[in-house]
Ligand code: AMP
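First, one chain by itself: the form predicted on its own, in structure tokens.
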């Protein structure tokens, strides 16, 4: 009966990725799980993909998103890729993920449907191929918040508890996340192609990616150089958006950098509470490689690794190719700075550009760091007098800064009210506060109570609306707070 219903759900799969050489993937079915239970289902996303929720029962959706029941037109594969992990190059691949297929929406858009935590694959190495419930719920929370903030991101369609136990530092309940992305092609995919030492296969991957994501490049004289420039442009914008909201990815390995500029692989990620440029949450980032302030230079480093893979295609003259690619990678800093400045001006209600803007912004950040001020609250409160109730208001340097900033706002022809409205639209009232994330996960995982989890997600989907429950920063900073990859 369920197989007949599956045909009515609205699956409309295509499988363009498997037209690449066999080196880039391996056929792999998800490993069945004993007792799937649907914990979260993203109904708006389900609908936008053209899937009909009413066709199946709650239990049947659990069977699908656990991998126990596979739609007839699916063609499950695990993708191959490599990557620099904390600076060290490694052969990788989907060690615990299965690409079910590419769903074509009613609007003709193509989206990868991927299971994360679906069991061992040929790329699992010594891993168990499974995922724990807590990290999968965490990815759902933060990725959907990023989408609500209009920051490019993969999406979370469902989380299913598997009924299994997985061993990490302790025994944890298992789960599978269904992730939706424009594609799962990474910088690491191109690094893997380079290891094949076959320019035809590298060209096949590059041409495929251009056709799928950057078709405008084909109109340019040097389509491969243009492709590199487009990727750099998107990454500069993405990282600037992370910085503007205090987001720390935590594991910016090259295999975690999407070729299309989507935030991907929410492992040890978190949002800053109190501003400190050196903030690190990841338990495995002992050297601070992926600290908050290091994210722009690390992104540029990753893009340099990407550019290296394209050198054989950019120009037949190796020296010329290196020169062109180097110019492109070097442009990242300016592109990032321009995008970041634009976003920060909006956070401060500034309509026009002035040469002193960079000093105005950096001076505020320095004062915030000195006073251990909350990043989100400070910017939110600058649109009202509430800021004068905070500790930072007793700092003479802040009062001087505030006077200077107000003078800058008041001389704008748009007026103070227009500035205030701009700020309210660019400074969220709510972020996924670490203590609230942990409270929601603890209740959901240990007590099997998703009430707080669902309420929290509902509030996060309206990030610019004040909430008495979810807008409050922690009473005390937890300086020992750590996040974990979940692998």
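Numbering follows the first chain given and starts at 1. Worth saying up front: this structure is predicted, and the values here are computed from it rather than measured.
Below, we turn to the form predicted together with ligand AMP, even though it does not appear here.
Figure note: of the listed segments 362-370, 296-304, 311-319, 92-100, the one touching ligand AMP in the predicted bound form, with heavy atoms no more than 4.5 Å away, is 92-100. Among residues of the shown chain, residue 255 is one whose heavy atoms approach ligand AMP to within 4.5 Å in the predicted bound form.
Heavy atoms of residue 415 never reach within 4.5 Å of ligand AMP in the predicted bound form, leaving it off the interface.
At the 4.5 Å threshold, heavy atoms of residue 337 stay clear of ligand AMP in the predicted bound form, well away from it. Interface residue remark: residue 127 is counted as part of the site for ligand AMP in the predicted bound form, having a heavy atom within 4.5 Å. Site annotation in the predicted bound form: the residue of 346, 105, 85, 327 reaching within 4.5 Å of ligand AMP with a heavy atom is 85. Scanning 164, 265, 273, 262 against ligand AMP in the predicted bound form with a 4.5 Å heavy atom cut-off leaves one residue, 265.
In the predicted bound form, just one residue of 160-187 lies within 4.5 Å of ligand AMP by at least one heavy atom: 168.
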